[in-house]
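Below sits a lone chain in structure tokens, taken as the form predicted on its own.
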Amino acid sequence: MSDTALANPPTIVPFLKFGADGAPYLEGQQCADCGEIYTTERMACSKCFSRKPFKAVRLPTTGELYTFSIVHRSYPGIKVPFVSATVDLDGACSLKGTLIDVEPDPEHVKTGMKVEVVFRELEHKNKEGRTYVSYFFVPKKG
């Protein structure tokens, strides 16, 4: 599936956006004073307490695995095991998500490994029968 084939489907999080070309991306909110970046809209910056309006910025698509947990029990319909990950995006914020395309085993997942953000359709559909899109992390190649 190409990223441009995802023309505005429903998303799993509000900070997953689609560009004019239909390609998905993650959008952060950057503090006007100190430059700190968050994934959620805020009334004030947690770092410098500024109340100036935040600026929307595209989040980077690469980062480093900060920590992870291998999940063996989850909600009905969620395939286990999977890797729940927290990634420090390059030059931006930390983001929690699922690390895919890797064996969910500590022998194959290491903190500090380089990862990339990818977008995939989910098996789940909304009330209108449209497939949701979400972001995931995959090990960076090369």
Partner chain sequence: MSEDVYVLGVDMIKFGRFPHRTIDGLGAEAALLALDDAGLGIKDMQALYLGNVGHVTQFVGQKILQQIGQTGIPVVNCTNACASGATAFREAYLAVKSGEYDLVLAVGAEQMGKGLLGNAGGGDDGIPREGLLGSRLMPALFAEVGMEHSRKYGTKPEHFAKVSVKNHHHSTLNPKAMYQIETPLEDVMGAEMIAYPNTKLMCSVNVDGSAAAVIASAKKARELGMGRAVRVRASALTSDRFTQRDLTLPDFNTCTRDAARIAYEKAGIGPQDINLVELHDCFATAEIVHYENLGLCGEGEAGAFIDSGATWLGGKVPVNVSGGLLSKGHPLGATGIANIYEVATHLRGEAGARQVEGARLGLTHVLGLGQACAVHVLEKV
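Just so we're clear, the structure is a prediction, and the values are computed from it rather than from any experiment. Positions refer to the first chain, counted from 1.
In what follows, reference is made to the form predicted in complex with the partner chain, a form of this protein that is not presented.
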Under a 4.5 Å heavy atom criterion, is Leu59 part of the interface with the partner chain in the predicted complex? no
Is Ala23 part of the interface with the partner chain in the predicted complex - any heavy atom within 4.5 Å? no
Residue contact check: Pro53 to the partner chain in the predicted complex, 4.5 Å heavy atom: no
Answer for Val13 alone: is it within 4.5 Å of the partner chain in the predicted complex, judged on heavy atom distances? yes
Across 51 to 67, the residues having a non-hydrogen atom within 4.5 Å of the partner chain in the predicted complex turn out to be Glu64, Leu65, Tyr66, Thr67
